[in-house]
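As a starting point, one isolated chain is supplied in structure tokens, in the form predicted on its own.
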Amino acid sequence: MAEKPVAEQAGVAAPDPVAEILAALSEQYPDAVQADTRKGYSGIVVRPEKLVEVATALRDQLGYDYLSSATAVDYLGKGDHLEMVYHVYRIRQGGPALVFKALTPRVSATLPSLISVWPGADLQEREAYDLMGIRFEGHPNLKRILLWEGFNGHPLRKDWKEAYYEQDQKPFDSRWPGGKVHRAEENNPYGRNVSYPDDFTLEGYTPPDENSIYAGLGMGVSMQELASPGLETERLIVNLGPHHPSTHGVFRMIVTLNGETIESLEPVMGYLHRNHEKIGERNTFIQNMPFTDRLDYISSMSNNFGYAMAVEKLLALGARYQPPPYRAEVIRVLMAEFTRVVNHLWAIGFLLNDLGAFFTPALYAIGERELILDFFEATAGSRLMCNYMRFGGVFKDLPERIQGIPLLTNDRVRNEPTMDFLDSLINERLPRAVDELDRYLTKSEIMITRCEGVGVLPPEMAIAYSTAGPVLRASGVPYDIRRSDPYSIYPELDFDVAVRYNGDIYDRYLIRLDEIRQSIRILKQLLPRLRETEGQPIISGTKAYSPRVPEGEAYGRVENPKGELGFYVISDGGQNAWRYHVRAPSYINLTALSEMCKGHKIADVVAVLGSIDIVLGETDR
């Protein structure tokens, strides 16, 4: 089912909330809150000792009930302090973010935890502690999350150097302009570049055993302990992953069981972590575009969209900025909605895989997905890692024809006009495919038995834990960025925000069917716009590979298939980002996993995880 958007004023530019907030808080906290007056920056700065009080007032008095993103920034050489940047929203009213910040010295960096205000800060604060070294007082489980506990240093700090370090920013001197390439590995043999903590010695070192790892999880149970003298059931810890076939990659869940009932669960991740954000700060702005493809590799077109918007917001701070042409916006939305269909077909197919329907439903779902990937390949040159969007538009226009390549003699290959292909796909093939999945799956006894009432996430908890996308909307919260804080040409398109109200696995399945239908509704409206704009420009301004981005900060967010994908980018006026942070929906949606699994059986865990729909490239980054 579908419902009108939460923000009735969608499409109307909302006023900057900073003045309103300062006026509301000035009497209550006269010396604790002030405007951020740095060039290109916005929001308010809060004194650390008042951070929890101000955050509580923002939530309870001013309605900012949704913490979207929490980002740590190192200003080494520009102030020599660390900063936490929070983006919060009024989820029922919609509108833009309120940005508030807290500063702490780099030495002994400490800030109060905001978990008591927004539980969704949990994994984000652990990430900031792990990668930037900020300790959050009051956090109940503060430990590394993407790196192992013995890792030396905090790799997102500006003074941290990795093995085979070359330079802080690309392009490296060794690669250009003469082309006499040498790599750091050639001149720095392994072993001389390994750093250890100051008090570490290899003499007598023994790696931690499993019991000490479990003890560090704070679960308060031993490997085997009787639940009670009178009831002969074992209370024990079970590992799922990181190589379990249904953990969607290298992901681990440590589950505490009483008999077969789950008492607690902790997600363990980081097995795929590659310090994506450090790479993003080494790259030039344009070099980051193909790296966004590797986050949620099912949704690379949408990833491109979010990053392009973030950098365009920075470019808009300059006098010569030109927004993307209308045709480019039409094509961007076309690609984003096709991506949503691709993602949800994949998610439904593999949810059934997780429920035990091995591959048959997945193959039905993948069939039409392949046609969309054919279109992506014809347009961008790639099926999965598309690297298609650019600042100010897109890389190139749609091809005139969709053509195949004969591989064998007498092969019949596709060769038809692109618009005819799109017309057939949007008006016939996709509606028929989603109806077919609906008919086969929705009333299935297995689906209903395994999914109804399992993994329930109430709406208040969904908001508090910062969940986004289908996970949030399946809990009865009709929040969709395309309506609540609209971007591109979405304000002129007619579609509803899909919402379900039970918050269980079954509704998370149904919401994806609903959203596919709404995406098809949008795609049908884009077809005439594509015809009307044929031949018009697809990129604005110059096609500079390394644009000079004005000094300032920007947060670009899009409604990705898995939820809000946000890019927080800081520029110091050069061609490389000073700070590049990804608000990854796969990562933050896992904050609620433990609460969704408590009280269920061990067999339900994989189904609950599958209903969240994570990709580990985005989770671990």
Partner chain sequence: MYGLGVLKGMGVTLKHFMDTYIEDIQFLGKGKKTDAAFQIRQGSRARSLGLFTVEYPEEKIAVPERFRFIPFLVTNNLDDEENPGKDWCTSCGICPKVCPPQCIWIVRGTDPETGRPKPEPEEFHIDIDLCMNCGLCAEFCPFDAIKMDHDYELASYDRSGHHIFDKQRLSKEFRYWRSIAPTISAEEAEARGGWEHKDTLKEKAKAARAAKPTQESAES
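Numbering follows the first chain given and starts at 1. Note that the structure is a prediction, hence the values are computed from the model and not measured.
Just so it is clear, the following notes concern the form predicted in complex with its partner chain, a form of the same protein that is not shown.
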{"property": "Distance check, E266 to its partner chain in the predicted bound form, heavy atom within 4.5 Å", "result": "no"}
{"property": "R390 within 4.5 Å of its partner chain in the predicted bound form, heavy atoms", "result": "yes"}
{"property": "Residue contact check: I463 to its partner chain in the predicted bound form, 4.5 Å heavy atom", "result": "no"}
{"property": "M132, heavy atom within 4.5 angstroms of its partner chain in the predicted bound form", "result": "no"}
{"property": "Contact test, all of E137, N141 and K158, partner its partner chain in the predicted bound form, heavy atom 4.5 Å", "result": "no"}
{"property": "Which of 424-432, 498-506, 143-151, 312-320 lines the interface with its partner chain in the predicted bound form (heavy atom within 4.5 Å)", "result": "424-432"}
{"property": "Contact residue in the predicted bound form, from I446, V250, A357, L530 (heavy atom within 4.5 Å of its partner chain)", "result": "I446"}
{"property": "In the predicted bound form, the one of P537, P119, P459, G404 near its partner chain [non-hydrogen atom within 4.5 angstroms]", "result": "G404"}
{"property": "Partner contacts in the predicted bound form for 281-303 (non-hydrogen atom within 4.5 angstroms of its partner chain)", "result": "N283, I286, Q287, P290, F291, R294"}
{"property": "Note on L430-L407 C-alpha separation in the predicted bound form, which departs from the shown form by 3 angstroms or more", "result": "farther"}
